[in-house]
Each structure stands twice: as C-alpha cells, then as structure tokens.
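The chain below stands alone and is given as structure tokens, in the form predicted on its own.
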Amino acid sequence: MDAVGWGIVGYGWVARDYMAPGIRAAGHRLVAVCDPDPASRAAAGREGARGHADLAGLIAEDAVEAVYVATPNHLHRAAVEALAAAGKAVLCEKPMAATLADAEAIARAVASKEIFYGTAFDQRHHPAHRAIRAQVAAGRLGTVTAVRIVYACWLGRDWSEAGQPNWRIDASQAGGGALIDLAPHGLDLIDFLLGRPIADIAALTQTRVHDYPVDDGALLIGRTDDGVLASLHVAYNCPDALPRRRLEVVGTKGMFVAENTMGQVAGGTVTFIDGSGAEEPVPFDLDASPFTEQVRAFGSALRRPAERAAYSAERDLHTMRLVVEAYESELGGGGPLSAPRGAASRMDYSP
C-alpha cells in the first residue's frame, strides 16, 4: 500500500544521484521523468522510468501519484501550477521559486486545488537532526539561546555535472547565489529543531572569490519571536576539503554539535556537551539518507492524510520571505531576487 509511483520534473544530478536512489531505497517506484534534454531522458530510461520531453506527457501518466520538481528555480512555478491543476501531489525543491511573487503564486495554486504539497527540505529528515530535535523538545539543553550553522561548498563558474550548465550562478534562473541556494535549508532546519521560525533577519553578502554576478558567500543573523539567536554562514567559496558543515544548538544546560550532517548523504556525528564540558556521542541511524527518509515521510503522508500536518506551504512561504528580507536588509530593496527572469523555454531542467 505504501509504495508510491513517482515522477520527476528535471532529471539533473540531484534527482539522478540522490532522489532516484532515495525512491528505490524507500520501496517506491520511479515511473516517469520529464526533461527536455535527451541525455537526461536516456539516463532515466536506464533506471526503468519513461522519459517525456514535456510536462503534459508526465501528467498523463496515471501511475504517477507524486512528483518531485527539481528544475532550476525560475521554472518551479509553471511546473507546480500545472501539476496542481492535474491533481498530482508535489514535492518541490527549495527554494520555492526564484522570486517571492512566484513563491506566492505556488502557495495560491496548491491551496486552490487542495493538493498535497511539500517543499523538499530534506534536512528535516536527517536522523541526526531528528535526534537533536527530540532532545531539545525534552529539555536537555535547558533554555535554548542560540543556533549556529555553517553550510558551505565550492562552486566555481565552470562547475558542471554531466555537461549541464551551471544555472546556479545566473540570477535570472536561480534568483540569487549562495544565500538563496543554501540558506533556506538552515532557516527551515532552525524552525524544525526549535518548533518555531525565525522572525527577524538581516544579512551581509559577498562576491569575493568567483567572478560571477551573484553572491558567493553570506552571513545571516536572525532571532525567533521568543529570543533565540541564529547565525548562518553559507558559501560557494569554501574548498570542499575544509570543515564546512557544522550545526550547533546552544542552551543553558549544554549544547549539541553536529558535524557533516547537513547535506544529501547519510552519516556525520552528533555530540552533546554538558555544562561541565563533558562530551557524549548522540546515537542515530548512520545509514539512512535524508533523501530516502524524505521519500518515506512524504509517501506515508500521501497515504495517511493525518500526517500532512507536518507540511505547510505557508510555512515554506515564510522561509522564502526570510530569504528576500535577508537580501533586502543589505541592499535596501531590490537585489538578486528582483532581477528580471529569463525566458523559460528550452531551459535545462537539471539541478
């Protein structure tokens, strides 16, 4: 009963290397893929999925119950609106869209058609983060005072996967740079860990290392409405060999330190340090990837509507607004998220 038939819109490296394996590992089935690139469709075919050059073909597949949208950001809105009109459940990659206007349109579409929708914040599903959340809720940290996140990578202008263009450095397709790409994960994770979102936010960005026009690094500071402070350092200018994925949750009785848990893969470590400085490893499932767990959770909620309360387009829209506010806090309005969008026709669909 729980096996779900999936479609994927945009069969790039994230979909191919993480989502498709996650679908298989969860015991679900990849039925069909939509991508204008013949090579991407051929890759899907080797996985046993039917390939379609346009969205109408995928929508016509009755066996497709849920669709993972993994196109460049500026194409999210058109795909989600079409899928919502067809009554398909949708799991859309973060950020919701390249612009706030498109994100708001997505929220309206899923509400008006009453479809099951989620934004693909896979970090909610990493077993390490779930373990931290449970212990925070149980009061192990006492009063939580701060959350600190470093989530960085190296993304040069010439980065390519399977010969696909690097759309992440094009503001018209991505909406911005490192901030819009990486910060939504941290902002949503803070909401997940604390059970309440960031309310106030500001940022500084940089374009310091790479010669492309979008930000290659950013520092964000925020605060929840009950006073927890948050800081996020996101970057495209950090060599991958350096320590670059760290989460700290600090309270009056101790802190959790998670290393190498943020990202697409399983594993990492979590340590609890109490107020005396004593350290204790925190156990969690080291083999379950956040993508596999995300597929399981979404599929279970598709079958069991009572579980859909864990998903909220309005909550995800709040996260998108935080990204916009972060850019605008430095730029005084405008900035990458207000850049004109490029033409959507024949764009590569691959993240």
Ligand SMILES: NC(=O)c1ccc[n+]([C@@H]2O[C@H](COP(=O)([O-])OP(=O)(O)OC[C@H]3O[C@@H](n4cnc5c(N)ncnc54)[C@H](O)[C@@H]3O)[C@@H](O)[C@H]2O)c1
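Here the structure is a predicted model, which means the values were calculated and not measured. Numbers follow the displayed sequence, beginning with 1.
Although it is not shown, the form predicted in complex with this ligand is what the next lines describe.
For the chain shown alone, W167 is a contact residue for this ligand in the model of the complex, at least one non-hydrogen atom being within 4.5 angstroms. When this ligand is considered in the model of the complex, P36 lines it closely, a heavy atom lying within 4.5 Å. This ligand is not shown here, and in the model of the complex it never comes within 4.5 Å of any heavy atom of A235. Residue contact check for G12: one or more of its heavy atoms lie within 4.5 Å of this ligand in the model of the complex. Of the candidate stretches 271-279, 195-203, 109-117, 94-102, only 94-102 has residues whose heavy atoms lie within 4.5 Å of this ligand in the model of the complex. Of the listed positions (V67, A70, V323, L30), a single one reaches within 4.5 angstroms of this ligand by any non-hydrogen atom in the model of the complex, namely A70. Shown without its partner, this chain lists Q264, S172, S231, T145 as candidates; in the model of the complex, only Q264 has a non-hydrogen atom within 4.5 angstroms of this ligand. Along 177-192, these residues reach a heavy atom to within 4.5 Å of this ligand in the model of the complex: D181, H185.
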